[in-house]
Every structure is written in C-alpha cells, then in structure tokens.
Ligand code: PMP
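Take a look at this single chain, the form predicted alone, given in structure tokens.
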Amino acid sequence: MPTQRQLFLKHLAQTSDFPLGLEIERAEGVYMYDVQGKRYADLISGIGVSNVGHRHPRVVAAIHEQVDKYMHLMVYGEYIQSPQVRLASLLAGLMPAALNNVYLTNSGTEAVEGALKLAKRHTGRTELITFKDTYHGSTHGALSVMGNEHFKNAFRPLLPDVQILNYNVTAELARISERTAAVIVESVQGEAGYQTPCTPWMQALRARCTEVGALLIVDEIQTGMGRTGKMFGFEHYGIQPDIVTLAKGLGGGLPIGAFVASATIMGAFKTDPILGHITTFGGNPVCAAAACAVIEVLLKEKLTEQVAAKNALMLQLLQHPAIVRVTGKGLMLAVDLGSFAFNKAVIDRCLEHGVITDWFLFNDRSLRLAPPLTITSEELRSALQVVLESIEAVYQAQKQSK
C-alpha cells in the first residue's frame, strides 16, 4: 500500500519540489503533533492564520453550534443569515465609523480582487498603484498588484495600468494622480520580511490619495486581528483607509475573508450592472460563526493588549552575533540572518527540534516569527531557546568550516 506521503506527492498538486511534508495528526493551542506523536511549536501560525491558536475552544464550540443549525443555504447576499450579519456588525464596530459595510469572501486574495474592482467601479478610473515587494495574493488581479516581478512574469499579461512605487519613499507619492483609482498598501509588508513604514509616510500617502480622489486600500490580511498590537495595523499610523481587506486570522482556522468600506462606496456594486460582484460561498455561515468567535476571544481574553509585552520579550531574547537585525511589529518579527543558506540551515534545525519557522517570499535571508497571540511567556521562551540554539549551532558550524 502506498504511504500517505506517496499519495500526497502523487495526487495533490504541489507548489514546489520541496514541501515540508509534515504529517500532522492533531493540533491544540500553540502546538501541532505528527503521526508519531512528536510535538512542534508553531511559531508562524500557519502563516498568520492561527492568531487565537489551534482549535480554540470558543471557536470549536461556535463551529459545532452552527453546523447543527445549517451550513450553505444560498449564494452570498440573498438570504439573511445570522452568522454573516453578526460578523459584519462586529467588524463594523471595530472599524472607524465610516467603514460600516462588509463584503464577505472566502480568502484574502478574493478580498483584494473585490477591493480592486470596487475602487475602479466607484471612481470610474483604471490606474492601480502598489509598492515594491508587496504581496496581496496569487489570483490574476491580486498578482497584478504584487510588487515582485519574479513571481509575476510567468503569468503575463496581467491587469494593465498598474504602477509600482518604492515603499516608504515620500517623493514617489507624487506619482499618484487624478488617473489613480486606488493605491493598495500593506500596513506592514508581509513577504518583504515584515518591513514597517514610518508614520509620516503613511500619513502623506493618505493625504495624497485624498488630494487626488484616489481610494486608499489597506491590506490587513496578515496584520489584522490583533497581530501588530492593534486590532488593525493602520491604527498605528493615525490614518483611515477607504477600503480594508481582511482574512487569515479572521477565521480561526476556517477560510474566510472580507473587504470593508463605507456603504456609499460599497453601493457601487448594486447597479450598472446589478450583482457587480458575486460569490457562491463567500461568508459561509460556519466560517462566519468561527470568525465571530475569534473576535470574541480577542476581546474577552485581551490578546491584542498582551502583544506589546510579548514583542518586548522576543526582542530581549533574540540576541546573537549572527543576527543582523530584527524587523517587524507586534507578534510578526523577521530575524535577518545574513544569507539564505544560514537561514535555511536554522529553519531545518528548528524543525528537527520541534519548532516550526519559515522564511519570506521576497526575503529568504530572514527567519519568520509570528506565533499565535495566545502563546504564553513560558512557551515563547521555550520555543525561542530552540531558535537561538539552532542559530548558535549553525554559527559554530560555519566558523569551523572557514
């Protein structure tokens, strides 16, 4: 009989020639367990998804409760489904008052697709502006506003009329004009290695969009739901977006996304043509119920308020001669180790010793650290000890080889 690994490689479409290949049997809190019972500390939260940990009891209970009532009923937007209504109300309550209208999707890239369409429809303009080394998803529209040519070139032609500016460079903002439908920006650049903008630049970006009538889309897919120490990353900069995109941590492990705007802007989808943006499964009621539970957990357990102290602990512990610098915000840190070879060796050793880390799409020399917000100080210390021991082992092996 073929093994699970053999079937995985034979029948599941692969995204690379070197998948991690872990066979996980169960997960709980910060930890995952493979079929041999080996425990792994998840320091990347499934790439920013498990903000409230794996299988949080409140999320699991909400899923069970909703499954016992109903699952899919009808395409999005036709029936009044209480989990969708409740989730939209909760999200609107967390946003600035003007951002009071929520469109639910299945994923982050779908949220971006909807946001781009909405901006073009509302403004009547075609130009989209993005930034170098930004990541917004892999579907054609989202790929068009990705800021890395290496990942885009094989799939051209993509959307026309897209400009790519340098992130955090104020002089470039003059290129935003009356032709621009929208500027899409990450409040922290996820795949560039958690690069953070300066507040004056974000405020200048907001001011320039307002000046020329372009919409500002802030991508909070990886930064949202408390990960930066605020519910949404844009709150650090004193700005108000026109559209916000969400996903990843929103669903507590189930697939759901959203884009949020004012009712006036979102109303552009209702006419000329009607049904200007539609989805069959967007806002699936079970996923929406899980998302409601995630928001309740974040608020009741005050997880966002704990992020600053955990960030400080991580920065205190992440000290080693091999560490070039640490970038990021809150519980999303990138540890620059100088080269991909060094970083990959550390990642492999961490995995061997039961800690899951990763690198970044556009920054392979940096180690990704984005644990669940539920991680305790003791769990954090234990996992980072493995990371530091791995860095030291690779560092010493490198010295001896010279």
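In this text the structure is predicted, and so the values were computed from the model without any measurement. The numbering used is simple: start at 1 and walk along the sequence shown.
This protein has a second form, the form predicted together with the ligand, left out of what is shown; the following refers to that one.
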#### Entry: Selected contact from Thr304, Thr279, Ser107, Gln163, since only one has a non-hydrogen atom within 4.5 angstroms of the ligand in the predicted bound form
Ser107
### Task
Just give me the single entry in Gly114, Gly330, Gly253, Gly137 that has a non-hydrogen atom within 4.5 angstroms of the ligand in the predicted bound form.
Gly137
### Query
Is Ile217 close enough to the ligand in the predicted bound form to count, meaning some heavy atom within 4.5 Å?
no
### Message
My question is simply whether Gln222 lines the interface with the ligand in the predicted bound form - judged by any non-hydrogen atom within 4.5 Å.
### Response
yes
### Message
At 4.5 Å between heavy atoms, is Lys248 in contact with the ligand in the predicted bound form?
### Response
yes
### Task
Quick one: find which of 315 to 323, 174 to 182, 129 to 137, 234 to 242 has residues within 4.5 Å of the ligand in the predicted bound form by heavy atom distance.
129 to 137
